[in-house]
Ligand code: TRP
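Quick setup: one chain, the form predicted alone, written in structure tokens, and binding and motion questions come after.
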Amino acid sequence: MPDSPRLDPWGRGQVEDYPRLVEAFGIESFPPLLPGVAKPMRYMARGVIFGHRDYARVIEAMRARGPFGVISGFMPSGRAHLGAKMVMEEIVWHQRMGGDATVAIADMEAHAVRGVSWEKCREWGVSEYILSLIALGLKPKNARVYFQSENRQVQDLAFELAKEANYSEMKAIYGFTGETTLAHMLCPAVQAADILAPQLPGNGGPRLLVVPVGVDQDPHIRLTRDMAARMDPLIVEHHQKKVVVRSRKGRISLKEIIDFLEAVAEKIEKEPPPVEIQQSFSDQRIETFRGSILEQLDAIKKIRFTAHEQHIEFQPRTAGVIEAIVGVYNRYEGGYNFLPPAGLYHRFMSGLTGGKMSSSVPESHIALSEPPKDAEAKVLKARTGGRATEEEQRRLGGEPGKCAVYELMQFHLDDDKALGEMHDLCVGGRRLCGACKKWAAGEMRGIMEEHREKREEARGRLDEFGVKAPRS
């Protein structure tokens, strides 16, 4: 349809109709998952996080204290503003919940898409993004922070992933044209490599990963989930009432898998398995490689299944066994055994002056590195949801749903009680916009002053994350 919604990862266009996005792109609604989240972060509790892909499995991993990770990235094309802060806080929250954290500074993307010099990419990547991440609570333990241009592993994986995609697919997803440069076209493969590389042997092995992003990045998540499946001969799909194993090579039989595993078990009695396969299984917390093979082999013979021409269906309770078997099969057949990443999507902040928040319009956003007094001044000039007259405001109350100042506090004020009072005073007509803005501006200044202090402290901790400060 000509008016179908479109998601553009490079920021051309504005998202307003979130329910329509959920319907159009098959994004799942997040609120039904909220009761299962222990100590949800404020974006979850306040409805800022509205959608997801496959996040229920991440919640289960958190609940069971199983291995999982969080991965996201930042394109250093300018000053980091409060929109980037949202992703940073989601990364930090998942790390606090027990996940390992991976952060990619997408300097290759900034250079290819925005034309930013390598020197500026380095400068902004450290001073605008990494310092704020550390200031917001990222811990060096179980964290990896890197620049794309310096990570050969990611570059090599991007090349392998690129073999599984073609121009027609990229055009359909991203709208690439004959004017799009080859460097720009490579960016989705590099982003997919950023997302999948934490599952490589030596980086933690196959495990659940979640990518917290603004919903405009969903095309990258969808492509990466597809690419993850394309890298292996066997694919595991989780459905509500069954687990499905599919083959990318055509017909598959249970006997084929059993025969293969028997051969593997016999082989490893004579010689150790390749190191990368041992790593894959140790990272999944399976005690011994050979013991797990024999155990799973015995278990699969007892499992009820339904065989179809190109897939086999198993009961959901057997998911762990099936994943282990498919994992060893894929590794020996030259695959990667990637698990498809989950996506977690938040709403965008509106610009302070109305419309879209834009890095190119300083008045529309608050940068994390700007002076607190400047942030305070911007809030005082921001668009509100007030009525035409004071009398009407007192009689009808304000409209916080249309107010950039209320939204700013909804996203970034920790105090639930103060936010509730702000809302009630507004809709009750008991506090006019001028007084409300003055109060919110003071709160914002306090938030920025605290962040500025922590950014200064973070400058002395860059080496803990293996990051060198840019040359001045």
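These figures come from a predicted structure and were not determined experimentally. Each residue number is its position in the shown sequence, starting from 1.
Not pictured, yet referred to below: the form predicted in complex with this ligand.
For the candidate spot formed by Phe74, Ile195 and Gln217, every residue has a non-hydrogen atom within 4.5 angstroms of this ligand in the model of the complex. Using a 4.5 Å cutoff between non-hydrogen atoms, Ser364 does not count as a contact of this ligand in the model of the complex. In the model of the complex, Ile134 stays away from this ligand, with no heavy atom inside 4.5 Å. With a 4.5 Å cutoff on heavy atoms, Met349 does not count as touching this ligand in the model of the complex; it lies far away. Interface residue remark: Ile130 is not counted as part of the site for this ligand in the model of the complex, having no heavy atom within 4.5 Å. Comment: 209-217 is the region of 325-333, 169-177, 209-217, 92-100 lying near this ligand in the model of the complex, near meaning a non-hydrogen atom within 4.5 Å.
Only one of the listed residues (Ala106, Met231, Leu200, Leu138) places a non-hydrogen atom within 4.5 angstroms of this ligand in the model of the complex, and that residue is Ala106. Taking this ligand as positioned in the model of the complex, the only residue of 124-152 that brings a heavy atom within 4.5 Å of it is Gln148.
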